[in-house]
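Form predicted alone, single chain, as structure tokens, below.
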């Protein structure tokens, strides 16, 4: 399942059926395992995943303003994906890099000491 999600960025129903057939299990058994773990997605995600930290350190340093700015810029809320499948947005409780707060992560790239203006610039660099 991890390999399929790595390739497709989510587990479509057809892939779940194929995995079940390959393993000799039912689709419900595959769904049962996949839904147990938070890492698996069942809807297509964007090309880029934007994560905004709203942990204590980031929150007190305007993390909520960063999130609001990102939501306005992308036109989506946390848990959603843009219509063009370019971006998905997630809210994160803590990245563990409080000294760099507020933090925004795009895929595996960490952007520190964010401001609303920096957030817009970062997102624009991915278009």
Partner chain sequence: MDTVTLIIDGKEVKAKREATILEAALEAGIYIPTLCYYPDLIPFGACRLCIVDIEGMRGFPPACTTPATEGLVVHTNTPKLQELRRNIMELILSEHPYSCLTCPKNLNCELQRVARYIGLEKVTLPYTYKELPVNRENPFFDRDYNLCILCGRCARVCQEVRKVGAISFTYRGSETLIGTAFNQPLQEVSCEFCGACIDACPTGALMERANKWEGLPDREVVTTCPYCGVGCQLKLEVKDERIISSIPAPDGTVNHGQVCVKGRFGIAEFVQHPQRLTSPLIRRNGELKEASWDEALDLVARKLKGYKADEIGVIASAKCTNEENYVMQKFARAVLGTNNVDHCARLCHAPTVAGLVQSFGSGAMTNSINEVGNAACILAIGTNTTEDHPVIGLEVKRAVDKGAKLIVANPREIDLCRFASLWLRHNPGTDVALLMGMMRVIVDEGLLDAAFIEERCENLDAFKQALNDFDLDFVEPITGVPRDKIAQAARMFATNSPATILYAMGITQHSHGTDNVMATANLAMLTGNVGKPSTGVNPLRGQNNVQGACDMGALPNVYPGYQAVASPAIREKFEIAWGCSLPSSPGLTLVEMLEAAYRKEIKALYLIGENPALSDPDVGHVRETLAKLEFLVVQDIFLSETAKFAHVVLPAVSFAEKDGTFTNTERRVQRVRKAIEPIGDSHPDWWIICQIAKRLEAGGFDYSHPFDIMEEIRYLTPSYGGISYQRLESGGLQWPCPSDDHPGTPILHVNTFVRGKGRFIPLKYVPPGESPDEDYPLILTTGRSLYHFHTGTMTRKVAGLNIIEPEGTVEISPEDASQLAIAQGDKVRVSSRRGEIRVKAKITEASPPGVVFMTFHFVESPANILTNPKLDPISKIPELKVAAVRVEKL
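In this text, rigid core is short for the largest set of C-alphas that superpose within 1.5 Å between two forms. Positions refer to the first chain, counted from 1. Owing to the predicted nature of the structure, the values given are computational and were not obtained by experimental measurement.
The same protein also exists as the form predicted together with the partner chain; that form is not shown, yet it is the one meant from here on.
**Q** Residues in which of 47 to 55, 98 to 106, 26 to 34, 63 to 71 have heavy atoms within 4.5 Å of the partner chain in the predicted complex?
**A** Only one stretch qualifies here: 26 to 34.
**Q** Does residue 21 reach the partner chain in the predicted complex, with heavy atoms at most 4.5 Å apart?
**A** Residue-level check for residue 21: yes, a contact with the partner chain.
**Q** Using a 4.5 Å heavy atom cut-off, state whether residue 12 contacts the partner chain in the predicted complex.
**A** Yes, contact at 4.5 Å.
**Q** According to a 4.5 angstroms non-hydrogen atom cut-off, is residue 85 in contact with the partner chain in the predicted complex?
**A** Heavy-atom contact with the partner chain at 4.5 Å: absent for residue 85.
**Q** Once you overlay the rigid core, does the Cα of residue 109 travel 2 Å or further between this form and the one not shown?
**A** Comparing the forms between this form and the one not shown, which are aligned on their rigid core, residue 109 does not shift its C-alpha by 2 Å or more.
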